[in-house]
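Here you get one chain, nothing else, as structure tokens; it is the form predicted on its own.
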């Protein structure tokens, strides 16, 4: 193992890790927003909207991210729409993650008993207040394990962005292997940096999930 080589090129991995984290953070945030909108659309059975949301969920969950990225980066230019590699990465990760987040939110929303909504309305709350104060907090807590798993999944999915010539961790590793044939060193650093990203995130999400569970969030006895 050539440790001098690893030390020399570690800064490239640091820059790539920061890019990976930025794309993952933006993609996850937008996925949560898209998932919540789709989940609420299906929960309220909005005419036409629920069908669009269902079609989007099926399309996003049943097509590989790699295919979605190829469509964005290589297909759209045929229609005169050109997007940068980073923008394609944001859109692709959001499109994929939104479908999974939508299903997590939908399962949480549908698990709340209707009696709680009726009780809130009988107390004089508006439907918006019932949703904000009663339904959403419990639904979010119930959906939390699925949401956390999806976050980890989306961070790992960033490894395919190298096909867009985006200088993420996988791209740097493949580049170094191609230039210097240092396969063991490049892959060791690749694994190490993914662990440095994923282990803290996984630990924090586990702590948040445990805190919500111990605090009693998601209990059906809120009202």
Partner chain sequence: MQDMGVRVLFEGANGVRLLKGLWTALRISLLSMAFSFVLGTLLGCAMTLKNPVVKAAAKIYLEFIRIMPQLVLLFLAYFGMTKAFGIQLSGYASALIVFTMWGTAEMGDLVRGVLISIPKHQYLSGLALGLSPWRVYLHIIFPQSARRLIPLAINLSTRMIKTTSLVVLIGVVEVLKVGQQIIEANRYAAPSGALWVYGAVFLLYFIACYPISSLARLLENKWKG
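Positions refer to the first chain, counted from 1. Fair warning: this is a prediction, and the values are worked out from it, not measured in the lab.
One more form of this protein exists, namely the form predicted in complex with the partner chain; it is left out here, but the text below deals with it.
- Among 52, 187, 26, 46, the residue placing a heavy atom within 4.5 Å of the partner chain in the model of the complex is 187.
- Checking 166, 160, 34, 40 for any heavy atom within 4.5 Å of the partner chain in the model of the complex turns up a single hit: 160.
- Contact between residue 79 and the partner chain in the model of the complex is found at the 4.5 Å heavy atom cutoff.
- Residue contact with the partner chain in the model of the complex: residue 202 places a heavy atom within 4.5 Å of it.
- In the model of the complex, none of the heavy atoms of residue 30 sits within 4.5 Å of a heavy atom of the partner chain.
- A residue is said to contact a partner when one of its heavy atoms sits within 4.5 Å of a partner heavy atom; residue 95 meets this definition for the partner chain in the model of the complex.
- Taking the partner chain as it sits in the model of the complex, the stretch 47-69 comes within 4.5 angstroms of it through a non-hydrogen atom at 58, 59, 61, 62, 63, 64, 66, 67, 68.
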